[in-house]
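First, one chain by itself in structure tokens, the form predicted alone.
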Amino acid sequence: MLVYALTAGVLFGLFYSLVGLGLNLVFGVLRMVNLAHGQFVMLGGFAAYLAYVRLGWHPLVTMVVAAALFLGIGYLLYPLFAPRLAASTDPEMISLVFFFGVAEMIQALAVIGFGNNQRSIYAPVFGAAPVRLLGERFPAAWVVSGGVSLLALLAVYLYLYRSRLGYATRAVMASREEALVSGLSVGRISALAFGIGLALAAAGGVLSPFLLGGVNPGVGVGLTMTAFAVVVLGSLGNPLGTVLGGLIYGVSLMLMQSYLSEWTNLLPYLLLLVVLLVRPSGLLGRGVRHA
């Protein structure tokens, strides 16, 4: 059971890393906490459901389309709200209220459009036969979702650390003021980062019906909380820390479900409390401070 829980924890941890990465990227560049992040993940889940049921699209095809669509939406929406929030007397607090309102609006519209019932996708779409890993059998959907999440995480790493635009993005994350002085187009970089954050949320959302058992309008609140726990665990503003936080959360979740299942729902809050009390900057916080 231990080997099963650890291996499944890594698969789920890669998924939660993908879900949390968009939230952390947006915070790192914009210095805003997107409280509607989980609702955007939820929209990705419904996109996968509708595309599969109505159009017969494979979820991986939907993931590419949804990520591209949300990237464009985020890039276009950024100039409509970000400059106004930044010009307020307390932009951080106003942004929390703003994204809270966005989250409630998305959830209300989802209830109107889909009802409160949970929607699921036929799991064998990724293969009916279980996959063997380390001598244990796992649903093919779990293995494929973990592998796809890993590829998405590698793509973001290459963008941030192997491209000129990624270098500029990291410069804005390190110091927005210095980036402006150096002549970088901070507005364009921030808009792109917001778009990528939404794209990652949508990509994770497409996988969510297979790892969470389904999707419903209320799942966004829990996903936001989980993503926030993953981000804080690794370190706010450090995208690579999100991967570490996601893996720790995934393994902890599987161990908790295997041995103390009645305590599973407390895990995100427990991890948040422990990290904030023991190491408020996150496990990789030192790297951020000295960047």
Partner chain sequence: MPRVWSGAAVLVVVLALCLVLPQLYANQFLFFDLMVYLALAQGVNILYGFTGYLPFGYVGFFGTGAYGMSLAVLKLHLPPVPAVLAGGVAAVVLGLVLAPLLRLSGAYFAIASLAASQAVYYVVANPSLTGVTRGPYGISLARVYHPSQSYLVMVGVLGLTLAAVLYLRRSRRGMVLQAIRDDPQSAAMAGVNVVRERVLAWLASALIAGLVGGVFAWQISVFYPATVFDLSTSIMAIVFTLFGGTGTLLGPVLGVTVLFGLYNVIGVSEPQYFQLIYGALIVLLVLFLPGGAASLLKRRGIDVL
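Residue numbers count along the first chain shown, from 1. Note that the structure is a prediction, hence the values are computed from the model and not measured. Throughout, rigid core stands for the largest set of C-alpha atoms superposing within 1.5 Å between the two forms.
The form predicted together with the partner chain is left out here; the points below concern that form.
Where does the partner chain sit in the predicted complex: which of 175-183, 195-203, 148-156, 96-104, heavy atoms within 4.5 Å? Single hit among the candidates: 96-104.
Distance check, L240 to the partner chain in the predicted complex, heavy atom within 4.5 Å: Flag for L240 set to no.
Interface membership of L109, the partner chain in the predicted complex, 4.5 Å heavy atom rule: Output for L109 is yes: heavy atoms within 4.5 Å of the partner chain.
So in the predicted complex, is the partner chain close enough to R132 to count as touching (4.5 Å, heavy atoms)? Looking in the predicted complex, residue contacts with the partner chain do not include R132, since no heavy atom lies within 4.5 Å.
R84: touches the partner chain in the predicted complex, heavy atom cutoff 4.5 angstroms: Within the cut-off, so yes.
Though the partner chain is not shown, can you say which of V26, A67, A47, L35 has a heavy atom within 4.5 Å of it in the predicted complex? Filtering the options by heavy-atom distance leaves L35.
The partner chain in the predicted complex: within 4.5 Å of a heavy atom of each of S235, W263 and L270? All three within 4.5 Å in the predicted complex.
Please check if L266 moves between the shown form and the other one, taking a CA shift of 2 Å or more relative to the superposed core as movement. For L266, whose C-alpha is compared between the shown form and the other one after core superposition, the shift is 2 Å or more.
Quick check on V275: with the core superposed, does its CA move 2 angstroms or more between the shown form and the other one? Where the cores coincide, V275 still shows a C-alpha shift between the shown form and the other one that is 2 Å or more.
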